[in-house]
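Given next, in structure tokens, is a single chain: the form predicted alone.
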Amino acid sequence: MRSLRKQPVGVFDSGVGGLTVLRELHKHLPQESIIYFADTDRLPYGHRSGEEITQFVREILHWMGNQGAKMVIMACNTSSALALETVRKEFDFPILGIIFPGALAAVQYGRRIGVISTLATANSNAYLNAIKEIDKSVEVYQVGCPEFVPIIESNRIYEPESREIVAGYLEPLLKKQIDTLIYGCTHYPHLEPVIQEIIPEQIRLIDPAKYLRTSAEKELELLGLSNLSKDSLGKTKFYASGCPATFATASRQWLGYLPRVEKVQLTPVSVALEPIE
């Protein structure tokens, strides 16, 4: 068990969005080593089918298991919405999704909750169902925002045209007089400076990444997997399925440094895998 504690935590997303989760882990669990995988070769996930997403996630988890990950965090709402329950049955290490922590936090603050997400997440009703499971009386309004991820990945956040696009997606939620807004995609907190210019200041913004970090910390403690070496910093390794240089450049403004990124060729999997020993 002692050696297992020192194994890395896996974190994955389709691109830079999951860096919002990574940032929380670095801040609150600095002793944990982390493997960050960006599936940039298949970015974006939002227009993909459930079958495709589940297949992608299965391949990523299989690779992470081979890297010795002691836990894997889905820093991707689309994957959490469409694949979490399936893959949890196929792998024997803990896998955490981001939907429920975000829904639980939102219900603590709001009664009229808006959710901005990818089309796939919106169509899955994952946040709607999770919120209603917690409190049926809460009103939930969802908007799929397929243009947000391309804006963020191409670093066009502060362009005037991008602000117009963001305002257009938020308009129907503002007409519903929401009091709380969930970032239903880990990319979206990168848009927060623009979003704050558009929405009334009394609307509470919920970043599920912050609450997912809390869930991960509790799960590691519960399972006896926490790295107890508080006097040393864990290492973070970055991997991408697409061009490493492109991902490194896109990540620099969020990380504050240019990461070293290795390219990974995932192994295609056509059937459900047996749990990794």
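In this text, all values refer to a predicted model and were calculated from it rather than measured experimentally. Throughout, we count residues from 1 along the sequence that is shown.
Keep in mind that the form predicted together with a small molecule is not shown, yet the notes after this line are about it.
- From the list 24-32, 54-62, 218-226, 37-45, the contact stretch for the small molecule in the model of the complex under a 4.5 Å heavy atom rule is 37-45.
- Contact check for Ile178: every heavy atom lies farther than 4.5 Å from the small molecule in the model of the complex.
- When contacts are judged by a 4.5 Å heavy atom cut-off, Val149 counts as touching the small molecule in the model of the complex.
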